[in-house]
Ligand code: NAD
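Taking the form predicted alone, here's one chain by itself in structure tokens.
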């Protein structure tokens, strides 16, 4: 039987040092809303990019939390509508870019994000507002996906929203924007990118093209993340990490993620962990069980990356994380034994957990979580 698969990537990708200084030619219309986190607004990065948009009328919104709430989305949408934005530009990590995605739709779709998200009764009409995403971390890959992740403040539930209107028109990746990242953020976002790659690779819905992309991304990350952590000014390592994050993003944009990300949702929403930490803390444990249904494939990956077996591979990744002072046990996030059943229950409510190459039920997920408590 001939193998069949689909691969859809409508986003134009621009990659290069200094390119964000020359974005004006790519921006449709005159009125632009730049969405960024507070830090990038206060330190002038967002304004510097806006100042480079010659001839455009630029407004800014920067009230974005690390795990963006639906209320922040609605506030940003109000600014975009008032400004009659022709283009929304998301600058920063996944939070800012995710907000930019839905806001670009809400410029012309009435109401609140709650009308369209997680039980909402309305369907987003095709957006007419441009959407450009500019990552300032090497990790999220959000600039090349059609996924946004938002938190309901009243229920503290964090869920992904998948919509084809979320594909950015342009992803502009400039490694120079990552130079000022603190070492801890370099580590957490870098390992988040590694999670994206390995989850695309072992995914039950994996694709041959994604496998090749994911393997290349993992190799780049293992070679360069510690270099970027140790020496933030190493532009060769920084560029390699930006490239790896982009490639991993393309890979998982086609497959979605798996148990690592499903488990991360309650760890961020309820225990305050950053997204990168919430994902990477379970990474070695998920790696150790990934051979349950994909033993041969995972052994091939381990060999490709220079490890003798899957266990050595998992140990090596755990040692790498430890060398960058990343948390390795759930108790470091404040998780207690009595929290385990609830975390497992929330993780299992996310459909993506069943794309993991192992049996995923209350018993197995609780056992995995207890192994790293």
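Here the structure is a predicted model, which is why all the values come from computation and not from measurement. Positions refer to the first chain, counted from 1.
The same protein also has a form predicted together with the ligand, omitted here; what follows describes it.
Residues 94, 142 and 145 are all found to lie within 4.5 Å of the ligand in the predicted bound form, as judged by heavy atom distances.
Mapping the unseen interface onto this chain, residue 222 falls outside it, with no heavy atom inside 4.5 Å of the ligand in the predicted bound form. Not displayed here, the ligand is kept clear of residue 267 by more than 4.5 Å at the level of heavy atoms in the predicted bound form. Looking at residue 62, you'd find every heavy atom of it more than 4.5 angstroms from the ligand in the predicted bound form. In the predicted bound form, at least one heavy atom of residue 192 sits within 4.5 Å of a heavy atom of the ligand. Taking a 4.5 Å heavy atom cutoff to the ligand in the predicted bound form, the contact residue among 246, 285, 240, 149 is 149. Site annotation in the predicted bound form: the residue of 34, 344, 40, 321 reaching within 4.5 Å of the ligand with a heavy atom is 40. Only one segment in the set 109-117, 170-178, 78-86, 204-212 has any non-hydrogen atom within 4.5 angstroms of the ligand in the predicted bound form, and it is 170-178.
Taking the ligand as positioned in the predicted bound form, the residues of 60-75 that bring a heavy atom within 4.5 Å of it are, in sequence order, 66, 67, 68.
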